[in-house]
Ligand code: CDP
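Next comes just one chain, in structure tokens: the form predicted alone.
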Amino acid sequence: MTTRIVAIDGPAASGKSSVARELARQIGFDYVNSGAMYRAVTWHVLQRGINPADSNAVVRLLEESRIDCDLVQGDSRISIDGVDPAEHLRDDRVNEEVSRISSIPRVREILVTEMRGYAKDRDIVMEGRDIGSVVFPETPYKFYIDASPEVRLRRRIAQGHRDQIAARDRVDSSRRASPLIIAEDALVIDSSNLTIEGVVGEIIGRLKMKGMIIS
């Protein structure tokens, strides 16, 4: 069986997570949040007292840890060494360090392998920053969700997060390993003045144009 993969990329607070989750629900696919995987690893590193700036120590810890990825009622879940860190993924310290941890090439290699495992026998909507460009470059279903910096900042504040949008963008776009870029064949959607339903509607329309049969 050939599985179908919808890649949803975009910067922080662009709305991609909400869009990806709702899209998956509407078309009956499983939803995978790749950002949660990097956040889980970041939390694990901090819990173990590892300096996030020490990439060698971070990699050693991760290679010695057991990572379990699963789907629960259509949503991705990750546990590390038997611990599910879901309630800590938005902690301030995780917000501050996740870009640093996710810029480590070996960390990305390990987690990309886990991400690809989700699509072995399931249709998925996966959101992140390099899904269309690196994780699943062959999928014909690629979308890049963006919004103006002002709108994204307001959304971030409304979510109760204190991390700086500009700083996140700078780190994500300039890292050597899988930087945030727009895949050449991705459809760019500006969500600044659109509702979640509006963006999802645009994506579903494009999926149908590409021949995807949606019940």
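Treat the numbers as computed from the prediction; the structure is a model and nothing was measured. From 1 onward, residues are counted along the sequence shown.
There is also a form predicted in complex with cytidine-5'-diphosphate (CDP); it is not shown, and the following applies to it.
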TL;DR on 29 to 37, 182 to 190, 66 to 74, 49 to 57: the one with heavy atoms within 4.5 Å of cytidine-5'-diphosphate (CDP) in the predicted complex is 29 to 37
Would residue 98 sit within 4.5 Å of cytidine-5'-diphosphate (CDP) in the predicted complex, counting heavy atoms only?
yes
Any chance residue 129 has a heavy atom within 4.5 Å of cytidine-5'-diphosphate (CDP) in the predicted complex?
yes
Might residue 106 be said to contact cytidine-5'-diphosphate (CDP) in the predicted complex, defining contact as any heavy atom within 4.5 Å?
no
Is residue 19 close to cytidine-5'-diphosphate (CDP) in the predicted complex, meaning a heavy atom pair under 4.5 Å apart or at it?
no
Taking 142, 197 and 208 together, does each of them reach cytidine-5'-diphosphate (CDP) in the predicted complex with some heavy atom inside 4.5 Å?
no
Taking only heavy atoms into account, state which residues of 10 to 32 are within 4.5 Å of cytidine-5'-diphosphate (CDP) in the predicted complex, ordered by sequence.
11, 12, 13, 16, 17
